[in-house]
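In the block that follows, a single chain appears as structure tokens, in the form predicted on its own.
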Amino acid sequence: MALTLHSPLDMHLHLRDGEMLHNIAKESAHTFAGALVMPNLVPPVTDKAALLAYKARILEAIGDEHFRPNMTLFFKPDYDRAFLETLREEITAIKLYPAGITTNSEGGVSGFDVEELRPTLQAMSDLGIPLCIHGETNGFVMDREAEFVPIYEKLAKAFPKLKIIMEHITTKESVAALERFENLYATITLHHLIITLDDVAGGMLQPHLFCKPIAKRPEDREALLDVALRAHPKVMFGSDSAPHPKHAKEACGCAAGVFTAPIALQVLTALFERHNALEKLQDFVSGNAQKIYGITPIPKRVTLSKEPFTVPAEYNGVVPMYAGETLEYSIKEVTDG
């Protein structure tokens, strides 16, 4: 059996920088036509010069791969319309992080007073720039995302024309919020469709499955599966593939992030097939994102075949999800056009 996906998109991707960028960027660029690239570098991407320089480094790192990085800016509450107008053609979205809540987010937002955020959010709304949010409080780890839903709702009400993307949602509460507000959308990762907290910490600790937001309960996973498998028009695939060196994962103070870039399409295909939903996969990995963001990806065809693929133990020092295990599907062919 073979399945061809047209211009698959990863709408939440960490490519890092420096040596890590050169080590792992091609793993995404080979099988995806494009990705929404996160701006939480050190220092974060907050101006045009930094953004263009980062994009140039990405293009250098991917070499001859046919791939378009869709760039994002790190949210600051004092961006004005004139500044954002100079970047409108260079960015696909702006990413907001609560301060200190995840990797390299120390410069994020400390409070969510609407009036303090209004200068940037109103300019974004006027210019049609989507807002992506890592939606967690600093409360009890299992409750952080659910506690953030009222903040999503407050922002959705205050800026009804602003597209707000709830990034890497993990709870049934976030899924329910999609139906209450016309301008709320969401990305869903591969790993949150498969694992629960039990897989991370129910037996021996599994550091390569530790991420933020942390995996939740079975009922949360079922809610995510429900909307993903029917390609609900307000959800799209965003891997949140987040590479860290092996020594940073297998250590005290384990770094948060699951590296799924090289295996995402193979595992998604098998998952959707098991649930008799293969006809919905194209929309989940491309069609919905195109409509939500109003983007046209570069043409690319990725053909998968039902042939075993053994996942390498490492990709240039980064351990992927399913390392050493055999998957049902392989990448058979990737063609441009």
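In this text the structure is predicted, and so the values were computed from the model without any measurement. Numbering starts at 1 and follows the sequence shown.
This next part talks about the form predicted together with a small molecule, which is not shown.
| Of the listed stretches (100-108, 115-123, 140-148, 219-227), which one has a non-hydrogen atom within 4.5 Å of the small molecule in the model of the complex? | That would be stretch 100-108.
| With the small molecule left out of view, which of Ile188, Cys132, Ile263, Ala242 would have a heavy atom within 4.5 Å of it in the model of the complex? | None of the other options qualify; the answer is Ala242.
| Considering Leu87, Leu197, Ala248, Ala256, which brings a non-hydrogen atom within 4.5 Å of the small molecule in the model of the complex? | That would be Ala256.
| Asn40: touches the small molecule in the model of the complex, heavy atom cutoff 4.5 angstroms | Taking the distances in the model of the complex, the answer for Asn40 is yes, it comes within 4.5 Å of the small molecule.
| query | With the cut-off set at 4.5 Å between non-hydrogen atoms, does His232 touch the small molecule in the model of the complex? | reply | Result no; His232 lies far from the small molecule in the model of the complex.
| Is there a heavy atom of Lys212 no more than 4.5 Å from a heavy atom of the small molecule in the model of the complex? | Lys212: yes, in contact with the small molecule in the model of the complex.
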